[in-house]
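Okay, here we've got a single chain as structure tokens, the form predicted alone, with questions on binding and movement later.
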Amino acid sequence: MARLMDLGLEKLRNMVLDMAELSENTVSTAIDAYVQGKDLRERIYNWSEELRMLQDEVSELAVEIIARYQPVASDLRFVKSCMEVAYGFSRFGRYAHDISDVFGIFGDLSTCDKTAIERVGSQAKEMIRLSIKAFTERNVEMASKLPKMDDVVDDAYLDFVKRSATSPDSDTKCMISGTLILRYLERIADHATYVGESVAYIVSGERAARK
């Protein structure tokens, strides 16, 4: 029984890590496509749908493991966390699709200053990489760096909104599209932080308080 549960847990872990890789690539592609002015909506939509289906598969397997083997302690925490983390990875895909959709809504944005989005996008990418690594290695110290990184993203988003609202020279299309994308990046950063929180929960059973 224990051996069969171990096999189930390993399969669950591998499924979540497959989602991690795909979600990281989806977000990175969406950000790069916006910066480079490329329309990759169809590709990113397909990836986001794949992530959504993978999330369902992770949930089904997690429920099966709980029902069949009744795991306890850290094993149970790991199974529960896999469901939450899979949801986070699925949301990465959803927000990546929203970022790519901005191109469809506004069209050519080549004249917009994309400095803030490039900077925040790089931070969001790093947060995804760090959250995945922390989850894979169950590294609580690594995961603890994510909230401060999230604060940087939050501040950049609010600063952009304030500057856009008070600048008489703001281009409306650039201001709205930039605000939307930074909002999606802010949500991505939030979910990366939530993934990091799951690490402490798996290891100790305690979950850091959310903002």
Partner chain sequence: MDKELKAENTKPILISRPVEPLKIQTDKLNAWFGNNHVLKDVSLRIKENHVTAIIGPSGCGKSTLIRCMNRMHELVPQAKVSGAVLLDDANVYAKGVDPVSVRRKIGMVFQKPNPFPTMSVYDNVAAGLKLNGERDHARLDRAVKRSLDLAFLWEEVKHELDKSGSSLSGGQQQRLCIARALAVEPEVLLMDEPCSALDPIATAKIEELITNLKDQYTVVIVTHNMQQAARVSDYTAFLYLGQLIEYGETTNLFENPTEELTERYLTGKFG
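Residue numbers count along the first chain shown, from 1. All of these numbers come straight from a predicted model, not from anything done at the bench.
Below, we turn to the form predicted together with the partner chain, even though it does not appear here.
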Contact stretch among 146 to 154, 33 to 41, 64 to 72, 173 to 181 - heavy atom within 4.5 Å of the partner chain in the model of the complex: 64 to 72
At the 4.5 Å heavy atom threshold, is Lys133 in contact with the partner chain in the model of the complex? no
Would Lys125 sit within 4.5 Å of the partner chain in the model of the complex, counting heavy atoms only? no
In the model of the complex, does Leu76 come within 4.5 Å of the partner chain, counting heavy atoms only? yes
In the model of the complex, is there a heavy atom of the partner chain that lies within 4.5 Å of any heavy atom of Lys80, even though the partner is absent here? yes
